[in-house]
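Let's start with one chain on its own, the form predicted on its own, as structure tokens.
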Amino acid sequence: MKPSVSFLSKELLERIVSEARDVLADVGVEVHNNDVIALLSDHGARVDTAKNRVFLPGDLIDRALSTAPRSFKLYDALGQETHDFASDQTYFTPGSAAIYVLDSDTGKMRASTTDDYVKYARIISQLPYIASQSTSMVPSDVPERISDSYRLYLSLISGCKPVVTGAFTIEAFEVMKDLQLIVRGSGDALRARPLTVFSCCPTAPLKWSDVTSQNVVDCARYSIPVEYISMPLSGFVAPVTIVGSLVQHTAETLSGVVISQLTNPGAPALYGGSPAIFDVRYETTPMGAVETMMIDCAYSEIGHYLGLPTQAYISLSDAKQLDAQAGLESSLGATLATLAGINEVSGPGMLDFESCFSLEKLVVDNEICGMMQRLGQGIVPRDDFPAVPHFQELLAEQHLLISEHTRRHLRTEHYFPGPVIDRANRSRWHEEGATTLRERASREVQRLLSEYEPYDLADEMRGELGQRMTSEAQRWDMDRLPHEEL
């Protein structure tokens, strides 16, 4: 039996969904994309053209939910299945789009570069408990216009795992779609074996921009999975209460479901988000706040109630260093996410309100993810009954270190973390250098970088990817991409 936690009674959950539907019908959602407005209008939505506001009737929402897939799968660059969202397993992926990196040498934050991204991609390819990559850092050494496609390109040539990504411009999507088509070979192959998930973010409160709504449409046309990332900020651009923020999150996410399903019924998606409370003392949006995590877990309950796989930005920290705060916020989030059954967790490696990435934190978080995979398995009997023979053997031998039962089940019953986590006694810890967590994490980062081996991507495919990316870079007056000099 998998352990679980729940924050909403059935009655409260159903009331939140009902209120969100009323909000969409009576208050509506603002849409700044004429084609999307026309799409919604053609299917029965009422439109206030002067205010770009669209009112979604209940039957339109029901129709969209009826065609939204209850699950889908992800595949790596070689076409091997990595995720099955039909299961109740929680998968982990790094946080996304940090503009800073915590420098491994100085311990200070600075703008991230291509070199940082390549190191990250090589490390993430070797971490066993993090199932996918994300485009986690925005390199500052390329033009902003190509930063989205460039980091997807770097991910695809450096690591095999599927990629959680997104586009901040409409034009970038075309390049990113082409990169995926090169890897898969055709549109049909990409539909059959999705390689990426695109984050598509409504703007709080109740608004879709031209770019983000077009991203939803473009992804749906190619059956590229999306994760709807509603971001209500409790007490700022959302009601201060958790219930009120959940009503807003539900309404914003349902509007995304409608846009996607009207474009292409059956288009795959995750019911996701990145909400937060607003800390009025510091004017910040703490991702490590317990109330933020409660909203994440509760909206995942709503997503599952609606029959959709779920995602959340959780298991990340607002700390500025790899310190105790980073550990407690990240591990609490990972634990709650696992118990709440969130299918895709975005967060490992992130610091400072989603703005900074740390390679050292990433390898520590990998161990947290491993612990959570063990937690998610719950407690099950493993040849434990009848119990009498085991205790007879224990009394006879005075230990069970080498018993057949121990040897059979030791590695499945117990999770053994890697060298980042210290489990030695004090004397052995001193003998081995009395290292701190940060020192052990830094050592592990260097080990992974030294042991990295490129995966088996065909040379012809690498060449095509490079040509497509170089062609896009040349449009913005770049003759060479920075990674070519590494």
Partner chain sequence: MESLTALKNSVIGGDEDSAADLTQRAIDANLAPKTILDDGLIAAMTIVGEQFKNHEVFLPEVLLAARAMNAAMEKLKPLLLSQNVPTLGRVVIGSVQGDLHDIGKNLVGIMLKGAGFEIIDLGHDVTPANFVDTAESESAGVIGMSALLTTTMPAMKQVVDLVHDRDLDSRIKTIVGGAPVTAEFASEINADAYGFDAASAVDRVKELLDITQ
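Residue numbers count along the first chain shown, from 1. This one's a predicted model, so the numbers in the text were calculated from it and none came from an experiment.
A second form of this protein, the form predicted together with the partner chain, is not displayed here; the remarks below concern that form.
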| task | With heavy atoms only and a cut-off of 4.5 Å, decide whether Y282 touches the partner chain in the model of the complex. | result | no
| task | Tell me, yes or no, whether F416 is in contact with the partner chain in the model of the complex, where a contact means a heavy atom of each within 4.5 Å. | result | yes
| request: Find out whether any non-hydrogen atom of D26 is located within 4.5 angstroms of the partner chain in the model of the complex, and reply yes or no. | output: no
| query | Does Q398 make contact with the partner chain in the model of the complex, using a 4.5 Å heavy atom cut-off? | reply | yes
| query | Which of D48, E460, E431, D62 has a heavy atom within 4.5 Å of the partner chain in the model of the complex? | reply | E431
| query | Quick one: of R407, R221, R110, R382, which gets a non-hydrogen atom within 4.5 angstroms of the partner chain in the model of the complex? | reply | R407
| task | Can you check 260-268, 398-406, 129-137, 167-175 and let me know which stretch has heavy atoms within 4.5 Å of the partner chain in the model of the complex? | result | 398-406
